[in-house]
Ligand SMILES: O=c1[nH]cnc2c(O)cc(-c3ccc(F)cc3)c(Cl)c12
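Here we start with a single chain on its own, the form predicted alone, put down as structure tokens.
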């Protein structure tokens, strides 16, 4: 048995999912995590909300904060139009290694680039080091205590433009009250709240969509 849960998830996907089929990869991660071991992916229920917002936004440049095993990167990438880029930031090198294999197995590696390191270092380097001018869609799903700071960093670095969409996971559980207060009261965002449940459980959770109105 593989030592780490993340490696066990990857092994299960490689044994049971169809290689090159991102939907099959997503479905088998959901199956494993709902039946065998819980893991902190956005999951199937909230994943449908994520799908809906990605389709509505139709982004060309996507930034994800928190890659974990590559579940949401694969989920988003399968909906992106040709020529789109998804840059996903992961601080844990072991998780980044699993995610790289997961994304390759799913066949979406041409759209997804894993940036290994902390968000506070990588976000300010996106323009100079990675050639990103503005991002159309940001999926925030890393450390809840970084949600507000990284949102402000995106603003300061002028990485979001009028119409850029931020979607934050886990705003109820474990919760991101300071982020909700910021985006709802600072006057720069139009916000939508999507009640749901914590992945693979009946605990209440939610996503918050914040559309940037401009500085």
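This is a predicted model, so every value here is computed, not measured. Numbering follows the first chain given and starts at 1.
Omitted from view is the form predicted together with the ligand, to which the following refers.
Asker: Quick check for you: of 48 to 56, 27 to 35, 162 to 170, 148 to 156, which stretch puts a non-hydrogen atom within 4.5 Å of the ligand in the predicted bound form?
Answerer: Only one stretch passes the 4.5 Å heavy-atom test: 162 to 170.
Asker: Using the partner position in the predicted bound form, report whether residue 142 sits within 4.5 Å of the ligand, counting heavy atoms only.
Answerer: Residue 142: yes, in contact with the ligand in the predicted bound form.
Asker: Would you classify residue 40 as touching the ligand in the predicted bound form, given a 4.5 Å non-hydrogen atom cut-off?
Answerer: Yes, contact at 4.5 Å.
Asker: So, in the predicted bound form, is residue 174 in contact with the ligand at a 4.5 angstroms heavy atom limit?
Answerer: Answer yes; at least one heavy atom of residue 174 falls within 4.5 Å of the ligand in the predicted bound form.
Asker: Do residue 198 and the ligand share at least one heavy atom pair within 4.5 Å in the predicted bound form?
Answerer: Result yes; residue 198 sits at the interface with the ligand in the predicted bound form.
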